[in-house]
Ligand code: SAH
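Next comes just one chain, in structure tokens: the form predicted alone.
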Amino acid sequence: MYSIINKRDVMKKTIQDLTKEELAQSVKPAFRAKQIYHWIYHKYATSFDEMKNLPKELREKLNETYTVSPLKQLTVQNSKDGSRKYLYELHDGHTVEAVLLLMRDTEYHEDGSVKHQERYTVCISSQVGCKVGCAFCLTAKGGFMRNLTAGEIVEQVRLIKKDNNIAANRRVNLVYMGMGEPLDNLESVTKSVKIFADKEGMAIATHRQTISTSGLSSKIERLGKMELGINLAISLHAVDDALRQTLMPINKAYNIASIITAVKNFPVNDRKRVMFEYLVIKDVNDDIGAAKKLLSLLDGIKAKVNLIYFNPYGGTEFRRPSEADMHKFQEYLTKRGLHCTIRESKGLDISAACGQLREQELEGEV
């Protein structure tokens, strides 16, 4: 199902930019805000005309002021593993990606009844492009265009749930790990966290939401002081400043020591750990020497390391590591008490690398 963006909608505000409390200030009586939220986030309405329990006069006013369709689906690619990658167009013609990851299939009892429902994670973008400029990331190739609004972030999940017939009461896990650096767009990202978590809306609790950052230590500290209850993931990828600065130029401003200090001060739920994302690149950071340094670096932190296979894309100099080297790296850490997993690669038969589908669209390949 495609949403539609017309020229009139470009001039309107996005209603998904509003928290329920903000909407209640604009719509009277206040209970109408709950009704509108129900239509948007439970029934996945694409127009105000569908909201038949609202007075006609209110529907007309809403239609004059707001759009409920700030994104348009341009492309979706389907992987044999159940992953689906989406490319969305914004009102100004820019594009962003989001991904639906099938983490677990539905499981059934012998009598055919459902034992466990399928489990999903949605990976969402927070910016058009990115300022960080990581050497291994295709998103950086197109440069930075602008931040997304809270509503543009929220709409990615709403459209994915609608397109895949995921009922409103079915929870999904969210990861701010698509295009962009979430903490570089802190205001919109934290507002979207609250909108996602609203019980009258998608009711995606903050403990199901993970913000992944390249390590903006000062903003990690600001995020921690907000006490949102979200999970934190650090894109580390290297264990010394020299290599990390080569891979991630942002390390000049936010070195590893500053990141570790900020993480140690970050409030973590007793049942949770801080995730450290480690993109493993063949012959760059995949040896046991790096594993030893990583173990020392994370000493004293309630941490979990997520090892990620590098996903090759056209034109990159980096290569995917072997399974043997990945498992050696993992085994070294786990035998010494550090919780470490290898992330299963998803969507390798489609445009798996972050920014790849957008780049293909810009090059006219899709």
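One rule holds for the numbers: they count along the sequence shown, beginning at 1. The structure displayed is predicted, hence computed values, not measured ones.
Keep in mind that the form predicted in complex with the ligand is missing from the display, and what follows is about it.
*Asks:* Name the stretch: of 199-207, 69-77, 172-180, 144-152, exactly one has residues whose heavy atoms fall within 4.5 Å of the ligand in the predicted complex.
*Replies:* Every other range fails; the passing one is 172-180.
*Asks:* Taking the ligand as it sits in the predicted complex, is residue 308 in contact with it (heavy atom to heavy atom, 4.5 Å or less)?
*Replies:* Answer yes; at least one heavy atom of residue 308 falls within 4.5 Å of the ligand in the predicted complex.
*Asks:* Does residue 120 reach the ligand in the predicted complex, with heavy atoms at most 4.5 Å apart?
*Replies:* No, residue 120 stays farther than 4.5 Å from the ligand in the predicted complex.
*Asks:* Check residue 214 for me: does it contact the ligand in the predicted complex (non-hydrogen atoms, 4.5 angstroms)?
*Replies:* The answer is yes: residue 214 has a heavy atom within 4.5 Å of the ligand.
*Asks:* Are any of the heavy atoms in residue 84 no more than 4.5 Å from a heavy atom of the ligand in the predicted complex?
*Replies:* Answer no; every heavy atom of residue 84 is more than 4.5 Å from the ligand in the predicted complex.
*Asks:* Could you spot which one of 279, 259, 291, 101 gets a heavy atom to within 4.5 Å of the ligand in the predicted complex?
*Replies:* If I apply the 4.5 Å criterion carefully, the residue I get is 279.
*Asks:* State the residue from 137, 195, 90, 223 whose non-hydrogen atoms include one within 4.5 Å of the ligand in the predicted complex.
*Replies:* Result of the distance check: 137.
*Asks:* Pick out the residues of 233-248 whose heavy atoms come within 4.5 Å of the ligand in the predicted complex.
*Replies:* Read in sequence order, the residues that approach the ligand (within 4.5 Å, in the predicted complex) are 235, 237.
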